[in-house]
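As structure tokens, one chain now follows by itself in the form predicted alone.
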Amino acid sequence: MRQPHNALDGLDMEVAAGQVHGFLGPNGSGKTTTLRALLGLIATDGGAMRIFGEEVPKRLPHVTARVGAVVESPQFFKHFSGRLTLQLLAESVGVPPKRVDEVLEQVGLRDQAKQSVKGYSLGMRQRLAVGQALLKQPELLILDEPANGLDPAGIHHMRSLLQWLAHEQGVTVVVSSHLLSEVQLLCDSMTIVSRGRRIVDGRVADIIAGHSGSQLSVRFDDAGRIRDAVEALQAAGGGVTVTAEKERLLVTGAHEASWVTKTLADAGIYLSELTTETKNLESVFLELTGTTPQAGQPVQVGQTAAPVAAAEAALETATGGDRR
């Protein structure tokens, strides 16, 4: 008999108004489940969720007009043009026809508006999906992998659009994405989850700064000396953490780079390169979620999620002037 599995287990998340908020986690961490539950697409068996202070899904009809969303792969009638697709959607929700042209311009599909959707690339279909989410001029925009299928120019355009919506128009944007480098450029704040629980949340810059301890990259002319170098550094103490990779060592916690150089030289090991590395969001994410860039398999890490009440899956957005 299969054991019950909690897709969300004590997830508590609050999103500030007028920001781009990243919602991050490994595959299977509960991101899409959270968004689908919030939008009433799946049922939950516990916890509380609110949008603009209204409990959902019970009060979802009262806030639907203020929310735009794209969750998972968007589906369209492939023989309809992009313009007709948005026109029909606009009519169904009482949006003026002129809004269709505004949205097509915003998502960069004005020149392809007359083409049928079946001829659209994956990136163009993604733009169309974001366009339909913008039709109602929502106060809260929820996007699951908005950069999916976009080329670099398209990603840049999407980033500029979302930041303009948040910072100039006051729209609250929640973005779930696996493109960590893009999240670092795009988002003001973020929540990282793993196994259905929140690990950390806050401003992106603050989270990176809080986990950006000194890290040195050490290389050798003879890669065969890496194992000897690990043993020498560990034997010397100093409270450092040493990680062996294929062609280099990563040393964290050394007070001075010269200590690494001297310790290895005293052991008869001479390095060919020593550089200081600044952590980015990707390295912080891997550290916090317990995954490694080599194998991508879970490992035990020092920081764990804070204790939270089981079965409390709460994504709350308060109605105050500074929270949404």
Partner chain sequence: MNLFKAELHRIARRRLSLIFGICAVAGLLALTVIMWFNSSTGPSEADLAFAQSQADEVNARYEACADDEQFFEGHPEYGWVADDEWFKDMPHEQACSEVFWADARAEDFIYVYTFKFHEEGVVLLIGVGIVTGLLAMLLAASTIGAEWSSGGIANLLVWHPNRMRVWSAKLGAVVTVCALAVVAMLALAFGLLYLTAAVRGDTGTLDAPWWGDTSERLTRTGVLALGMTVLGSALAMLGRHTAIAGGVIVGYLTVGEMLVTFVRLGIDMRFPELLSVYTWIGAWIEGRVTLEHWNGLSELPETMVLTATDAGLLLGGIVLLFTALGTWSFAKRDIT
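Predicted model only: the values in this text are computed from it and were never measured. Positions refer to the first chain, counted from 1.
One more form of this protein should be noted, the form predicted in complex with the partner chain, which is absent from this view; the next part is about it.
**Student:** Just one stretch in 48 to 56, 268 to 276, 22 to 30, 62 to 70 has heavy atoms within 4.5 Å of the partner chain in the model of the complex, so which one is it?
**Tutor:** Correct option: 62 to 70.
**Student:** Find the only residue in Q169, S92, S160, T243 having a heavy atom within 4.5 Å of the partner chain in the model of the complex.
**Tutor:** None of the others qualify; the residue that does is S92.
**Student:** Using heavy atoms only and a 4.5 Å cut-off, determine which of S181, S217, Q75, Q115 is in contact with the partner chain in the model of the complex.
**Tutor:** By the 4.5 Å heavy-atom cutoff, the listed residue in contact is Q75.
**Student:** Closest heavy atom of L135 to the partner chain in the model of the complex, within 4.5 Å or not?
**Tutor:** Judged by the heavy-atom cut-off of 4.5 Å, L135 is in contact with the partner chain in the model of the complex.
**Student:** For I226, is any heavy atom within 4.5 Å of the partner chain in the model of the complex, or not?
**Tutor:** Although the partner chain is absent here, I226 would stay clear of it in the model of the complex, with no heavy atoms inside 4.5 Å.
**Student:** Do A257 and the partner chain share at least one heavy atom pair within 4.5 Å in the model of the complex?
**Tutor:** No.
**Student:** In the model of the complex, does L286 come within 4.5 Å of the partner chain, counting heavy atoms only?
**Tutor:** L286 lies outside the contact set for the partner chain.
**Student:** Could you list which residues of 24 to 45 come within 4.5 Å of the partner chain in the model of the complex, counting heavy atoms only?
**Tutor:** Read in sequence order, the residues that approach the partner chain (within 4.5 Å, in the model of the complex) are R36, L39, G40, L41, I42, A43.
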